[in-house]
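One chain comes next, on its own, written as structure tokens: the form predicted on its own.
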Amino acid sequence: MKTFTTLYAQLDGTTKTSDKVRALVEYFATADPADAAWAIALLIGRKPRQAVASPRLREWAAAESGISDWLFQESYDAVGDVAETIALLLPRPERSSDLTLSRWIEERLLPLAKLDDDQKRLAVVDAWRQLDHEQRFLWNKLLSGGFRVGVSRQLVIRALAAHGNIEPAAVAHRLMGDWTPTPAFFQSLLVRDETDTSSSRPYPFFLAHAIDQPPAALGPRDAWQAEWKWDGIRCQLIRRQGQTYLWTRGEELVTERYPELVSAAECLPDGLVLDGEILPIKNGQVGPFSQLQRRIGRKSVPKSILSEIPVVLFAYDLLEASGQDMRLDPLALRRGKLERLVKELGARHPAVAERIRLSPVVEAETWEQLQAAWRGSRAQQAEGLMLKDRGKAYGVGRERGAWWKWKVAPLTIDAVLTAARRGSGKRASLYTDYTFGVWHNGALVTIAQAYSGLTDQEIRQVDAFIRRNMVEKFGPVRTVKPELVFELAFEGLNRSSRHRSGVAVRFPRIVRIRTDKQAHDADSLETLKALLPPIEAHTPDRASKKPATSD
């Protein structure tokens, strides 16, 4: 635990990538394999679930520190982080512990899930009494499930590759899929033999950068493949050794949630990995992401939902064929093989081909024609276009230059600030989480909550306004006089029976404060509803080779 605490301080104390990688390499070179395995899991986001609810931690820490609940709250408001607040308030430790990181997690943290509150309290307080300030902070983060530090997955991969003198791509692949942080797993990461692909393991996903230049600046139009940027669930479909696996980009195995795709995949050849997007589609029409949300999180999907929201995998890349890794081949070659595969599947199994489809290429001879198609993205239930270099390999992570996402401008609306609550972390003492409404029949109806988009100076200005203009208190929420108008941006919106407004917005964020407008100048619910897509969603014409036109 002491060694990992030192590593955490080194990673948190620098913004230099080289220093972070150097600290990680030194740690992996000296740490016990059991500790190193758990360190990797924590650093790349595979932290254990929350073991103790935050209210219990606050209560126990206040009692152990001999202070009242209100004083703990005041301390938290000043510090801005529960784990740090507790670490600062607790008295000096009674003794010191030499338990390793792996033993703290396996013998102290994980068993908490099976204890009642009284037993948890005894275990947590006993841990506090033998850890110093820095170790307590990390322990509290692990208890609350809030551990994070400023190091990316790619930096961990780089450090492991440097430590083991192996290719980063091999490490990245081994870190995918299901694994348990054990000494054997850590040692398997460093094996130089790169032929150890497990049957269920996905490949690292290749990610795109947002385009930051005119598309025509990329070069000849025919050097770039254009596809719709779908608003679905990024997924790899794996067919190996007679079994099918569905992995999301977040490394979640979701095979059981999409039985129609698993059934269709039984007709695929062995040794096959497809990269694509899961989309809701019914009667040939692509639906909004909100429909997928009704299936996300379900371990088993009832027949009623399967019938109401069937899904399709729109495949746009071939990563493995006949057991051979295709990722180093140029996109043009991978796409050609994928097209032949889907065509053969359609000829032999027409019904199956309705579930596994080829994501269409957007045909356009010139950049001007492609821009016309791009303007019509929303009509395709797409967020824009993907631009992919036909001559490039399938990379690992977010590599710049080969894939670009060209998203259409977000939808915007002017709304009135109606309520707020305090933020968390460094913003715990400021009102930074806002609720917004638009006009309907002379009253403001809530349509969104947002907390991002303002500068630090603007946040302080809004916080001052909220404190001067509070109306009512509802727990942590404060309603305010409806005077401030904000321009909000969002990626899309859909009809919703769960919201009083009848509308659900996707990814709302603040664009600016409209100091030029008064509350009565804000938009209406009718204006917002006018932006809704048609009830009958548009279907991409898979047979058409003509570019789409703008609205």
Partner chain sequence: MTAASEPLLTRTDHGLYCAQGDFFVDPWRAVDQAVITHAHADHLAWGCRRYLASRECLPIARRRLQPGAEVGHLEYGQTIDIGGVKISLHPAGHIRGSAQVRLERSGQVWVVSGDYKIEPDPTCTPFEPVRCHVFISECTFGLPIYRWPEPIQVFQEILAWWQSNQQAGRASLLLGYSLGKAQRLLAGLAATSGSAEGANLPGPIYIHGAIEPLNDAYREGGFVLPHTRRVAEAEKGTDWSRALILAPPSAHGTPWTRRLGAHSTAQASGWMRIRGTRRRRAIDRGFVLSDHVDWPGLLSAIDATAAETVLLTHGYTAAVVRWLQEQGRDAHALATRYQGEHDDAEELIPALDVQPKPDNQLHGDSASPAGKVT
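Residue numbers count along the first chain shown, from 1. Remember, it's a predicted structure, so these values are computed and weren't measured experimentally.
What follows is about the form predicted together with its partner chain, which we do not show.
*Asks:* Could you confirm whether T515 comes within 4.5 Å of its partner chain in the predicted complex, counting heavy atoms only?
*Replies:* Close contact exists here: in the predicted complex, T515 approaches its partner chain to within 4.5 Å, heavy atoms only.
*Asks:* With heavy atoms only and a cut-off of 4.5 Å, decide whether D132 touches its partner chain in the predicted complex.
*Replies:* Because no heavy atom of D132 falls inside 4.5 Å of its partner chain in the predicted complex, the answer is no.
*Asks:* Mark Q457 yes when one of its heavy atoms lies within 4.5 Å of a heavy atom of its partner chain in the predicted complex, and no otherwise.
*Replies:* It does: once its partner chain is placed as it appears in the predicted complex, Q457 has a heavy atom within 4.5 Å of it.
*Asks:* Answer yes if any heavy atom of R378 is within 4.5 Å of a heavy atom of its partner chain in the predicted complex; otherwise answer no.
*Replies:* No.
*Asks:* Using a 4.5 Å cut on heavy atoms, which of V362, L279, V462, A127 is close to its partner chain in the predicted complex?
*Replies:* Result of the distance check: V462.
*Asks:* K392, R234, K481, H440: which sits within 4.5 Å of its partner chain in the predicted complex by any heavy atom?
*Replies:* Checking each option against its partner chain in the predicted complex, the one that comes within 4.5 Å is K481.
*Asks:* Looking at heavy atoms inside 4.5 Å, which stretch does its partner chain contact in the predicted complex, given the options 85-93, 216-224, 183-191, 158-166?
*Replies:* Only one stretch passes the 4.5 Å heavy-atom test: 85-93.
*Asks:* Given a 4.5 Å distance limit between heavy atoms, list every residue of 52-73 close to its partner chain in the predicted complex, or none if there are none.
*Replies:* Result: G66, I67, S68, W70, L71.
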